[in-house]
Ligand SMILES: Nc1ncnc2c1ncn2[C@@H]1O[C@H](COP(=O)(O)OP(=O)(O)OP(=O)(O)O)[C@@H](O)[C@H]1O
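Next comes just one chain, in C-alpha cells: the form predicted on its own.
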Amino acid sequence: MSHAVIELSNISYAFPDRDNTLDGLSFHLHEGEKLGLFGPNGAGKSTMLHILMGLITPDEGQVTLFGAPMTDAKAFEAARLRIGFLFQHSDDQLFCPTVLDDVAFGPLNQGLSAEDATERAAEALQTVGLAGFEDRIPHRLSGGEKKLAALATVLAMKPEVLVLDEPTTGLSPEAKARLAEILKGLNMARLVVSHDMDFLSDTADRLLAMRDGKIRPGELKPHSHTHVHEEGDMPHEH
C-alpha cells in the first residue's frame, strides 16, 4: 500500500458556545489517491480542512502530513509548501493586480526567480485553459474564470497533494464540467470536499460521507446512471 500523505486521527473541535463541530474524526489520504468527501452544509467539512492546513488548532487529536506529526506552526508552514489548497471562495485566493501576478506569487515565495516564476505561472494558466489571461484584472473575471485562476495559483506551486474546499460553489454547469476535466487530467493525490455528489462521483476514486462532525462508516461507490426527465434536453435541475 502507498504511504499516507494526510492522516487525521481522532480530531475534535468546537467553536465557542457551540456543540462539537468535529467529534473524533479520523481519515487518511494515500499517495496518488483521489478522495471525495461528501456532506451537507454544516457537517464540519471546511473546519476539518482548516485544521488539516494548520489554520485552526484542534481541541484534541493529531494531524500528520507526509509522515510527520504537525506539532507546531513551523511544521505546518513546511508542509503547506507541498499542499495545494483551493479555498471555497476564489476572492480569498486572488489579491494581486493581475492574474499573472497572482499565479506567480506562490512560486516566488518558494524561492524561484522572477523569470522562472513567470514561466511556471504561464504553464499553470495553460493547464487550466486561461492562456492569454495574464494581464486580466482578477476581480473582473467571471466566477468560473476566477475559480480556474485560483486553481492555477495552486498548480503553479507544483504541489504533491491537492485539497479543494467546495470547488463547484457558484459555478455554471459549463465551468463545473471544465473543472472536472482538468482535475481528471492531474495525477497527484487529491482530497475534494463538497456537497455536490455528482461532481465527486465524476472526479473521485473513493468517496466518504461526513455528517455531524464524523466520517460515517463504509464507503460510497462512484457510479454513473441513466435517467429520464419530462424536460427532455431542456435545462433543468435535480
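Start at 1 and count along the sequence shown; that's the residue number. Treat the numbers as computed from the prediction; the structure is a model and nothing was measured.
As for the form predicted together with this ligand, it is not shown, yet the points below apply to it.
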Selected contact from 32, 61, 40, 69, since only one has a non-hydrogen atom within 4.5 angstroms of this ligand in the predicted complex: 40
Residue 102: touches this ligand in the predicted complex, heavy atom cutoff 4.5 angstroms: no
Interface membership of residue 145, this ligand in the predicted complex, 4.5 Å heavy atom rule: no
4.5 angstroms heavy atom contact with this ligand in the predicted complex for residue 88: yes
Partner contact for residue 54 in the predicted complex: this ligand, 4.5 angstroms, heavy atom: no
Heavy atom contact within 4.5 Å of this ligand in the predicted complex, the stretch among 23 to 31, 177 to 185, 46 to 54, 61 to 69: 46 to 54
Residues in 148 to 179 with any heavy atom within 4.5 Å of this ligand in the predicted complex: 166
